[in-house]
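Consider the single chain below, provided in structure tokens and representing the form predicted alone.
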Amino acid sequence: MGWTLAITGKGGVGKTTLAALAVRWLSEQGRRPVLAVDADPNTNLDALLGVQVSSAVGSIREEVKQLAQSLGTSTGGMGKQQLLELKIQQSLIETERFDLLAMGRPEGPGCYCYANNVLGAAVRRLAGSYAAVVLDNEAGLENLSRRIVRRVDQLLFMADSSRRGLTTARRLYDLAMEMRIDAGAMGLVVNRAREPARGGSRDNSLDLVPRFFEDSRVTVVGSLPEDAEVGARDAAGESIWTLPGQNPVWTAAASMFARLAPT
């Protein structure tokens, strides 16, 4: 498997935008093929990448569970694995710049342990043929805990520069350590960063960041500025590929990825 980047953070903080920017940067750097994995049940990464998901892996997981219950986990294992991999391949959106796999909504009641294990093995095999993998997580670490990918090279926690946003990012880091998430490096990206206030409250400034992560493995790898153009284009349904090269969010993200990705 190539370089693997996973992004997590609380809902609405900009994870999906950062993931789409990462896919664009990797593609433009010639690090193709790129596999984008939308692990958020809300499935928004496709719109930012200019495609539309019609089939998600979540429904395939349900099929695997039913198959396991009807045949037993030890009967016909190779046949089930091959069927699963075929279905995952069919759900893959393929383009010249990237491929996209949407994990879909969480399961219903009952145990999906076997289905998750089989699914994880199939996705890992698929990911092994890509130069880079970008994993857009839901607001938490559930998909990483399931070992959809066994190891990530770079785990990014995303937050805004408010005290609440940074507190949530710190809690996610503590949870990652408790769960023993295997990450080569961990970093923090501050979205919609604001300059330090003059003579007033500093609760919305980057000055808060070090005190939240000074005793952790997390390195502050960069920040993205507030920018109305990104929000306007998203609201208009435009993909990340239409964002001008001189846009400040794009230039900040590109500079950050250039430091993070191996040469």
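Just so we're clear, the structure is a prediction, and the values are computed from it rather than from any experiment. The numbering used is simple: start at 1 and walk along the sequence shown.
What comes next is about the form predicted together with a small molecule, which does not appear here.
| message | Asn44 versus the small molecule, in the model of the complex: is there a non-hydrogen atom within 4.5 Å? | response | Yes, Asn44 is a contact residue.
| message | in the model of the complex, does Ala253 come within 4.5 Å of the small molecule, counting heavy atoms only? | response | Flag for Ala253 set to no.
| query | With a 4.5 Å heavy atom cut-off, would you call Leu243 a contact of the small molecule in the model of the complex? | reply | Although the small molecule is absent here, Leu243 would stay clear of it in the model of the complex, with no heavy atoms inside 4.5 Å.
| task | Consider Lys10 of the chain shown here, and say whether it contacts the small molecule in the model of the complex, taking contact as heavy atoms within 4.5 Å. | result | Yes, contact at 4.5 Å.
| field | Contact residue in the model of the complex, chosen from Glu28, Glu238, Asp227, Asp207 - any heavy atom within 4.5 Å of the small molecule | value | Exactly one residue meets the criterion: Asp227.
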